[in-house]
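Given as structure tokens, the chain that follows is alone and in the form predicted alone.
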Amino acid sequence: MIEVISAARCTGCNICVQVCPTNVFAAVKGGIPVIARQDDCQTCYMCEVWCPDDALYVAPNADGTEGITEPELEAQGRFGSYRRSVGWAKGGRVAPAPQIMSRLRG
């Protein structure tokens, strides 16, 4: 279940808002998105894997949150852990083409 959006990492690109199949996030004009409907999260990791800034953390438990904080995630190096595991992080798979990223950003 989506658990944390890092205010320090997020650049407000809203890709997570665009890729979420269950509309969990709400865009905030001039700010970073918020987790608006957490209970609708299906733990699909689409937001985490598409986030170019590794600003999201999706806990593997689909039935509830872990209660983990942003500083704990930073200390444990868990931001972007799913991206790394599928090879989309730096040094891994190349990011999608600029045209695709542009469409996702709206």
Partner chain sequence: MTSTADNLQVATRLDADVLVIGGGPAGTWAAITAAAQGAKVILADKGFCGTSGATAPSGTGVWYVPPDPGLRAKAMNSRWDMGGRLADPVWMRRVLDQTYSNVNLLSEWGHPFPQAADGTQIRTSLDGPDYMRLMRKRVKAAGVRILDHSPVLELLRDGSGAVAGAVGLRRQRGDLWQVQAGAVVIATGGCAFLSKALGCNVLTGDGYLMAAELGAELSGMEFSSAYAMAMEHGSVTKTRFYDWAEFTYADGSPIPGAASKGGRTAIARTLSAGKGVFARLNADAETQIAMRHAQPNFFVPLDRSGINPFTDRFPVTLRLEATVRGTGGLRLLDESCATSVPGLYAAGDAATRELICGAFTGGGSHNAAWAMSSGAWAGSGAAQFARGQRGRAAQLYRAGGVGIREGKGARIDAAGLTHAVREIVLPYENTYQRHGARLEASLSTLDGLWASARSADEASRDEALRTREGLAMLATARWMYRSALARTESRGMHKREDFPQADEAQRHHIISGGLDEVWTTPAPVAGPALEVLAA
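Numbering follows the first chain given and starts at 1. Since this is a predicted model, take the numbers as computed values, not measurements.
Here the subject shifts to the form predicted together with the partner chain, a form of this protein not shown in this document.
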property: is_contact(A62, the partner chain) in the predicted complex, heavy atom dist at most 4.5 Å; result: yes
property: D40, heavy atom within 4.5 angstroms of the partner chain in the predicted complex; result: yes
property: Close approach of L104 to the partner chain in the predicted complex, 4.5 Å, heavy atom; result: yes
property: 4.5 Å heavy atom contact, I32 and the partner chain in the predicted complex; result: no
property: Contacts with the partner chain in the predicted complex, stretch 31 to 50 (heavy atom within 4.5 Å); result: D39, D40, C41, Q42, T43, C44, Y45, M46, E48, V49, W50
